[in-house]
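As structure tokens, one chain now follows by itself in the form predicted on its own.
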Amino acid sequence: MPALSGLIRVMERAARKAGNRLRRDFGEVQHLQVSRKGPADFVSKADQIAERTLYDELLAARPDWGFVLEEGGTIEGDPDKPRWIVDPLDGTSNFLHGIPHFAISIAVQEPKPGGGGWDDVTAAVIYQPITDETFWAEKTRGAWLHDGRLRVSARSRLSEALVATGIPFMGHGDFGEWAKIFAAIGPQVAGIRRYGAASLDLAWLAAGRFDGFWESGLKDWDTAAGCLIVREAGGFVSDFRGRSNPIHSAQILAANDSLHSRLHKLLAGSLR
């Protein structure tokens, strides 16, 4: 295992501090103050407190870096410095329904040389407070679960593949598109799972628990950390057209190289 960099230590420390509070609140979920911010899209007091904790911790460590926050929006920093992309509670609906499957996601994105936008994600942490699992990666240094190296699965047959996805729901997603993809992929694979937290789906893919993943209509904070972790675990991440970008959110297809090409063929064919 490589020595933890100072940056990863900062990210893990912030995630664990926010995660401790989430874990306590999860035990008292029935007492949370909950407001609605959109159709079937809930934000809880716990979500807001976790984001504030992460913001305070990360700002103290890197005071000139900017932020992209799920609840707080974009906060500009020094344009020549990286920025944080933060989801304080991925899997909010799971959390509010007492389902112990949610995570904190933190990514670091670099500015493009010379300015004019944003480039690669170079560090990532996904922390699952209930299982106390920290998935992390740094560009060119591999992906890890605590001190164990992560590798995507070596399966090459669709008939043996377990694939994760996100299913459209009220006010979110394209039901027609998803149904076409499901009809193409479902009959070819060993199983399809929908657990409701994209960051953990990607972390689990990196760990070989899933063999593939597709979803559309996500946000950068849902996938920024997971995309890097999958790539550093030897996987391939693209949009539905097969293009590879630093972050995929509107469309994402991830798997090992062998399965990615097979899944992409099915997916692309279903949308013609």
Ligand code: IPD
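Start at 1 with the first residue shown and count on from there. These numbers come from a predicted model, not from an experiment.
Keep in mind the form predicted in complex with this ligand is missing from the figure; the text below concerns it.
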Subject >> residue 222, heavy atom within 4.5 angstroms of this ligand in the predicted complex >> reply: yes
**OP:** Indicate whether this ligand has at least one heavy atom within 4.5 Å of a heavy atom of residue 150 in the predicted complex.
**Re:** no
Original post:
in the predicted complex, does residue 142 have a heavy atom within 4.5 Å of this ligand?
Top reply: no
Original post:
Are any of the heavy atoms in residue 81 no more than 4.5 Å from a heavy atom of this ligand in the predicted complex?
Top reply: no
**OP:** Work out which of the listed stretches, 211-219, 224-232, 237-245, 58-66, brings a heavy atom within 4.5 angstroms of this ligand in the predicted complex.
**Re:** 211-219
Original post:
Using a 4.5 Å cut on heavy atoms, which of 161, 89, 164, 121 is close to this ligand in the predicted complex?
Top reply: 89
Original post:
Is any part of 183-197 within 4.5 angstroms of this ligand in the predicted complex by a non-hydrogen atom, and which residues would that be?
Top reply: 194, 196, 197
